[in-house]
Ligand code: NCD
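Below you'll find only one chain, the form predicted on its own, shown as structure tokens.
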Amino acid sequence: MTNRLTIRQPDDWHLHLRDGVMMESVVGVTAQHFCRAIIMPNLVPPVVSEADARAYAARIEQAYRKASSSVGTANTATFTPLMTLYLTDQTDPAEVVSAYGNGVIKAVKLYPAGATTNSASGVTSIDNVMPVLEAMAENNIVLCIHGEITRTSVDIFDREKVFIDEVLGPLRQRLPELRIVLEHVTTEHGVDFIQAQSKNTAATITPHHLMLNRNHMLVGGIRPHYYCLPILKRAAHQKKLVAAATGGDPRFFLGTDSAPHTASTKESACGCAGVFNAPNTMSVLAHVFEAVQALDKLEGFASEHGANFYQLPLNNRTMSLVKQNTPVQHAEQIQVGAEHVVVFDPGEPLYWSVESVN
């Protein structure tokens, strides 16, 4: 029985850090485990220009240096935020090409307008941004997509499938050279779509979609800290995601979609969507991969596939995980000013923990 595992240090290819006090409170948690992270641009106002991305990156750097100093660890000194721009109907293709060419951004994020937190400024029609997407394809720039249709006539559990059928599929055919990441894929349809593509198409998978299905959120009472977008789906979809993540396919890699909200905004009459899983992601993944006898595939999923797709070098540092005889006791919350953020509860005891990053 394996009770110790050493892998290349992982990266997070989909992360929300927010800004201000929230960012200062949570960035150190990610930086302790992950070498790099693709940072989501859905602030208020959103990160829409090269100058915005530079300024946000500087704030992140200042925050994680402060976090590193406060806990007395050198791990955060290696953390690199990989910035993105928020795609709008008014985005200038030249701005995107400049930001990428200057090394300021690694990708552009497409939110359909109204799809999730702080997405009101998102894209209203794919036709409105085709000049930007064409320029991205010509310049080898990755497009990260929140793949959901937002029409009110579409059931929330079908939004991913309809988006793939109506938007992503036609876009894939229209611009085969555009590198696309379907972020936080949640359905059998989504996995099948990615696996049917010959090139330039990948998907991230979150820890919470691997651990949970919609029964966990709804049976026996509503659990607001499991509410996320895309929403949790049926157990059959969860099983398909686990198979995709643990199967060694390089088109699937880790994107935590760790999205902190204060408890008061989650536990409200109209609660925010988002799961804060940064503190225990690696414990969750080791649990999931071990359950299907695929621990040998964890390094690829967490540490290699994403870097290869983004055409970045693999990390040189390593992470050691150990399996304990008793459940790991993770922090249940992170303090944020006078409030707190609840840490993801996977619903099962976890026995794997991160021992070190070297």
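Each residue number is its position in the shown sequence, starting from 1. Please read all numbers here as calculations on a predicted model, not as lab measurements.
The same protein also has a form predicted in complex with N-carbamoyl-L-aspartate, omitted here; what follows describes it.
Figure note: of the listed segments 246-254, 284-292, 110-118, 151-159, the one touching N-carbamoyl-L-aspartate in the model of the complex, with heavy atoms no more than 4.5 Å away, is 110-118. Contact annotation: of the candidates Ala236, Met130, Leu218, Ala273, the single residue with a non-hydrogen atom within 4.5 angstroms of N-carbamoyl-L-aspartate in the model of the complex is Ala273. Interface residue among Cys228, Leu85, Cys144, Met136, judged by heavy atoms within 4.5 Å of N-carbamoyl-L-aspartate in the model of the complex: Cys228. Although the partner is absent here, Ser303 lies well away from N-carbamoyl-L-aspartate in the model of the complex, with no heavy atom inside 4.5 Å. Among heavy atoms of Ala259, some come within 4.5 Å of N-carbamoyl-L-aspartate in the model of the complex. The shortest heavy atom separation between His184 and N-carbamoyl-L-aspartate in the model of the complex is within 4.5 Å. Heavy atoms of Asn42 reach within 4.5 Å of N-carbamoyl-L-aspartate in the model of the complex, making it an interface residue. The partner is not shown here, and in the model of the complex the stretch 316-354 never reaches within 4.5 angstroms of N-carbamoyl-L-aspartate through any heavy atom.
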